[in-house]
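Next comes just one chain, in structure tokens: the form predicted on its own.
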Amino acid sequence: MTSFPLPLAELLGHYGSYMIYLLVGLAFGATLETAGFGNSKKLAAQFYFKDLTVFKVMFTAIIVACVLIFLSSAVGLLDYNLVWVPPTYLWPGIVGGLIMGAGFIVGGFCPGTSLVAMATGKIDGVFFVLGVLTGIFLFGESVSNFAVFFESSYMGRFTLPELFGVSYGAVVVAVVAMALLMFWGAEAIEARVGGPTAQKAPRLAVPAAGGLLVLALAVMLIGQPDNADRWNMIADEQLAMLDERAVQIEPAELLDVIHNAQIKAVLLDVRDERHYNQFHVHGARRLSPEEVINSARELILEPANTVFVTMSNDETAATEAWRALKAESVPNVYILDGGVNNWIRTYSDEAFVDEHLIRGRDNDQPAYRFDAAIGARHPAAEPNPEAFEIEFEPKVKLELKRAPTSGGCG
């Protein structure tokens, strides 16, 4: 079972986790200052091609992190699904990047480096931070005027492998190779523009670059774990829960969850479209078996109080969907005990149950006959909880949400 990212709040408590964040922030700031990034003149020199240290340091950090993240994921040490990847809003992102770039050129800092400059007592850093805070305030006060554009062209967690239709390993190799070529180009430009003052690459630059490229190739050769690999990592623990029926919740508990104002219930119906159209629980979202895995990353981004319940006619297909979602690290996933058939049996009147029962049916097939495709218009699709007083053994327990819900920029 994967160990990272670590659930710091669970391991160290609320204040303990904040101490870790503080130490990481201090180390990051110290690194920026050591690299000279608290000096606006050094930062601005990159735009004149005299000193490309910023470009080289930042790209080095990017490709080293890229290789280590996907190498750790490839060998099963890291769950990449739990790593925060900012969702893509294409056009707002482009406009925002241009605005930030213009501010970088004019002010000589980005937000992170301006804080480093301010912390070391530089006046220009103080004024830049004040400008950042003013801009944040003005943005917050005016964003409603252009909210449609601000939330437009949403593409979700969209990365280069999805864009080009290739593996993560191939992208890692391509990004590392591209960065190394750009480093070589940056050195040539500095030597030409900067002249005698240009800094030369350290002795270890070439072997370090070669070693990084070798690791990138290893990432491509090993490959990233698929859903089956992920399931094998957690199979022993999760199969025990299945056998103990610790994740199969009764219709009465599901109805209680649906009407619990403190819980967001997401019902995932994995039956054929024909069966779904004949009858489904009100609010249930239909997913084909192929869509279950693809939807996992979207489901992970739901609020921490979200409970996911898979359902099929009985339990077979719902259990397969549950396994796939658990393998993709989706938290708080349960199975409707007895499936939709049990739901209909529980919340339909006795006359309907007796008259429409299908005898001799196959496993995970509808147990009741409907004369038309009525979807969620049947009374049992949205039962009144006050009309049914059914005792049940509560099984839903909200797990700690390990996936971060936001990220930041240094």
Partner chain sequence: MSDHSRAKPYMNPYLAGTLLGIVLFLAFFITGTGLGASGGLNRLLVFFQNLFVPEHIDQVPYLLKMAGGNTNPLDSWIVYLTVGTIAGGFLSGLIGRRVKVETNKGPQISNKTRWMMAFLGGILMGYGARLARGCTSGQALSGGAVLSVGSWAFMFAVFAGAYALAYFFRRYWN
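Positions refer to the first chain, counted from 1. C-alpha atoms forming the largest set that superposes within 1.5 Å between two forms make up the rigid core. In this text, all values refer to a predicted model and were calculated from it rather than measured experimentally.
Heads up, the form predicted in complex with its partner chain isn't pictured, but that's what we're talking about next.
Just to confirm the contact call: exactly one of 67 to 75, 235 to 243, 250 to 258, 290 to 298 touches its partner chain in the model of the complex at a 4.5 Å heavy atom cutoff, so which is it? Correct option: 67 to 75.
Sole residue of A373, I62, L357, A376 within 4.5 Å of its partner chain in the model of the complex, by heavy atom: Going through each option in turn, the one that passes is I62.
Give me the residue from I222, V214, A228, A102 that has a heavy atom within 4.5 Å of its partner chain in the model of the complex. Spelling it out, the residue with a heavy atom inside the cut-off is A102.
May I ask you to check whether L90 falls inside a 4.5 Å heavy atom distance of its partner chain in the model of the complex? Heavy-atom contact with its partner chain at 4.5 Å: present for L90.
Taking the shortest heavy atom distance, is F392 within 4.5 Å of its partner chain in the model of the complex? Contact with its partner chain, no.
Spell out, yes or no, whether the shortest heavy atom distance between E320 and its partner chain in the model of the complex is within 4.5 Å. Outside the cut-off, so no.
Can G210 be called a contact residue for its partner chain in the model of the complex at 4.5 Å between heavy atoms? No.
Is any part of 379 to 399 within 4.5 angstroms of its partner chain in the model of the complex by a non-hydrogen atom, and which residues would that be? Residues within 4.5 Å: none.
After superposition on the rigid core, does the Cα atom of G16 shift by at least 2 Å between the shown form and the other one? Moves: yes, 2 Å or greater.
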